[in-house]
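The chain below stands alone and is given as structure tokens, in the form predicted alone.
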Amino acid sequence: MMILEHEAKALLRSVGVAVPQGSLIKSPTRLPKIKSYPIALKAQVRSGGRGKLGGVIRVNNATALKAGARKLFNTTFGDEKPEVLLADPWLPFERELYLSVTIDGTAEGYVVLYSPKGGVDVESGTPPARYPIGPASQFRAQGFRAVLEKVEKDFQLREKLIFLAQRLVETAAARDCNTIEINPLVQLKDGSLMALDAKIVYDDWAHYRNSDILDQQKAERARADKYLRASLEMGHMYVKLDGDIALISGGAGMTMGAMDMIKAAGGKPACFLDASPGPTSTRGYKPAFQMLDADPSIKVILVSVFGGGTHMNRVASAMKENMAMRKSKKPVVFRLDGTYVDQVPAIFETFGAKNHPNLESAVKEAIKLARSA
């Protein structure tokens, strides 16, 4: 779960990371009195690529602030309109850098990423240097120093980065963060470092021990429409993308694998929807189908479920009941595999569905149907 920039900066400030002293704007008609211009006016949304979409504006006076605030409040960024803006001082700096800490399976825990060139185009440049850590307790200054020496010439800056990276790793572990990304991390004229922008992604599954995450989940449900809210209340994980093939799957790994296969075959996933908390229940699948059927950008729904403890005959029966309740004519493609999968064809035959023998076959049909829709 990604939190807003101003929330991420507040968390970083609380652990001693330098961030600009900005002001929140909650309405285009109630603007703060800015003592010094220029400022950076930023839309507070959870979608990526905000900068390239015009979500960050340089404002030079009060008149421009009023116009800029009105524009940003009425602009949609990745299906989200900002409910609040952040007005940060426009600070001069010497360099833009990139620093992040994130969970990485190959590292069996955390990895630190650093690039001597940050900013909006960091993803299109040279890949960041990697320092795989594993558990947060295994961070070693000399290990990260050895990585930095290959990409960063300024030895004083290297030592500051080591201190900051260790602070981020400790914070990620203590606050249940999957990712803490600072881009840009700027070096000011006096040599100090400051986080001009920050992205923090919480671990959704840590809500039982972390009240901040639980509060964020409650707020997310309050913002959602009725279909998404019902799906979230079932414990589903949902991320909307920009494609036309919706995916209902069981387990984050299975879902990511299916998404990768759709992309590799030339299709475009419309969402990440992990229904693993209750995949054998008609009640669990119903809000997922209602949400996807109501989305006009979705042309096809692909259901891919594999289970050991999850019995495929129960999933198939749940699908039969859900298909009977649907009013939408969007095609649904099925790939079920696992325990009692031999009983699936007989159940599917009763409502005219087909269970594909493998995911490759199901993905191929889903892409074909999407292209002909």
Partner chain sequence: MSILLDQSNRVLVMGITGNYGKFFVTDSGGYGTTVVAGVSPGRGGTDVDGIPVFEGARAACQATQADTAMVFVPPPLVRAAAIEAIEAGCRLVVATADEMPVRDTIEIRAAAKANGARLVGPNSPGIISPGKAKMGFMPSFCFMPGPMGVISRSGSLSYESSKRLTQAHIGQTTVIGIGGDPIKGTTAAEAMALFHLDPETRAILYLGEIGGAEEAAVAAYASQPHAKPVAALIVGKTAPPGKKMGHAAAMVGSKADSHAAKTRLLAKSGVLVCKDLTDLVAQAKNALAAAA
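Just so it is clear, the structure is predicted and the values come from calculations on it, not from any experiment. Definition used throughout: the rigid core is the maximal C-alpha set that superposes within 1.5 Å between two forms. Numbering follows the first chain given and starts at 1.
Below, we turn to the form predicted in complex with the partner chain, even though it does not appear here.
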Which residue, P127, G191, G134, G266, has a heavy atom that falls within 4.5 Å of the partner chain in the model of the complex? G134
Quick one: of L157, L241, L91, V151, which gets a non-hydrogen atom within 4.5 angstroms of the partner chain in the model of the complex? L241
Looking in the model of the complex, is the partner chain within 4.5 Å of a heavy atom from each of R70, P296 and E365? no
The partner chain contact at V341 in the model of the complex, heavy atom, 4.5 Å: yes
The partner chain contact at V120 in the model of the complex, heavy atom, 4.5 Å: no
Using a 4.5 angstroms cut-off on non-hydrogen atoms, would F306 count as touching the partner chain in the model of the complex? yes
Any non-hydrogen atom of F77 within 4.5 angstroms of the partner chain in the model of the complex: no
Look at the stretches 81-89, 285-293, 181-189, 258-266 and give the one with heavy atoms within 4.5 Å of the partner chain in the model of the complex. 258-266
For 160-187: residues with a non-hydrogen atom within 4.5 angstroms of the partner chain in the model of the complex? F163, Q166, R167, E170, A173, D176, N178
Threshold 2 Å Cα movement between this form and the one not shown for V17, core superposed: no
Please determine whether the C-alpha atom of T171 is displaced by 2 Å or more between this form and the one not shown following superposition on the rigid core. no
Rigid core fit then H311 CA moved by 2 Å or more between this form and the one not shown: yes
